[in-house]
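Let's start with one chain on its own, the form predicted alone, as structure tokens.
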């Protein structure tokens, strides 16, 4: 489903050049649940951003269902993200002026698509937010805001969901709930999940763990 070949990325800083990705190659099959682990600065988030079309490599290819994400312009990458990729951030990235339903359906609205109200109701129930459709982010707890972000990522029925430290700002109970939702999306809906995480709990529950150091994969194990 997703084939990554020879990704390289360097950044220039006042302290010199930083190698974020070093000839990294990776193959991901449909329906996998993968945890990407490693120390801060190892290249985990850079890799996730490349797959999501939020950043571009210096060289290499990222083939998602026949499309090379690495070659897409910013506008085309945004279209692909809205249609095939769901993204969950550590800091939720909800629009404060929009209510729960509006935040969830925003990518579809931006894409000019019709809102499937039945699917919206099903997702709201799935993430435990039925009855909170009109609530604004400021009225929600951190765990509830993250569940809105998960619902938004799921709404367009994406091929893959990319999650960057989705439990990083949550307590143990909410972290477990977010993990349950991710597993449900993977097992019940067949969505491929890639999670960048420092959480041992998330890594233990993944079906495959990829460890990155200095921009390279140093371990790739199934469990």
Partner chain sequence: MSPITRIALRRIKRDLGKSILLMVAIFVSTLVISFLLFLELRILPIQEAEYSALPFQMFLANVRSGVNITVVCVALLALLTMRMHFGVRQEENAQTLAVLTSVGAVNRQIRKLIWIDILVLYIPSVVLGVGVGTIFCILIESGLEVGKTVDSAELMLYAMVAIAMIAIGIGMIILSNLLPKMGIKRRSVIGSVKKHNLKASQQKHSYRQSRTYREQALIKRLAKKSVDYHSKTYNEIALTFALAAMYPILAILLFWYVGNTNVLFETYQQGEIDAALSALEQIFALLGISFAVLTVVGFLQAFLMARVQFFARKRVTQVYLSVGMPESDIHKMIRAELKSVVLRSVIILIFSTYIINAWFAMVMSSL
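Residue numbers count along the first chain shown, from 1. Predicted model, so just to flag it, every value in this text is computed and none were measured.
Another form, the form predicted in complex with its partner chain, is not on view; read the next lines as being about it.
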query: Residue contact check: residue 116 to its partner chain in the predicted bound form, 4.5 Å heavy atom; finding: no
query: Interface membership of residue 110, its partner chain in the predicted bound form, 4.5 Å heavy atom rule; finding: yes
query: Contact test in the predicted bound form: residue 152 vs its partner chain, heavy atoms, 4.5 Å; finding: yes
query: Residue 148, heavy atom within 4.5 angstroms of its partner chain in the predicted bound form; finding: no
query: 174, 159, 45, 186 - the one with a heavy atom within 4.5 Å of its partner chain in the predicted bound form; finding: 45
query: Interface segment, criterion being heavy atoms within 4.5 Å of its partner chain in the predicted bound form, picked from 59-67, 176-184, 45-53, 24-32; finding: 45-53
query: Partner contacts in the predicted bound form for 58-84 (non-hydrogen atom within 4.5 angstroms of its partner chain); finding: 75, 78, 79, 81, 82
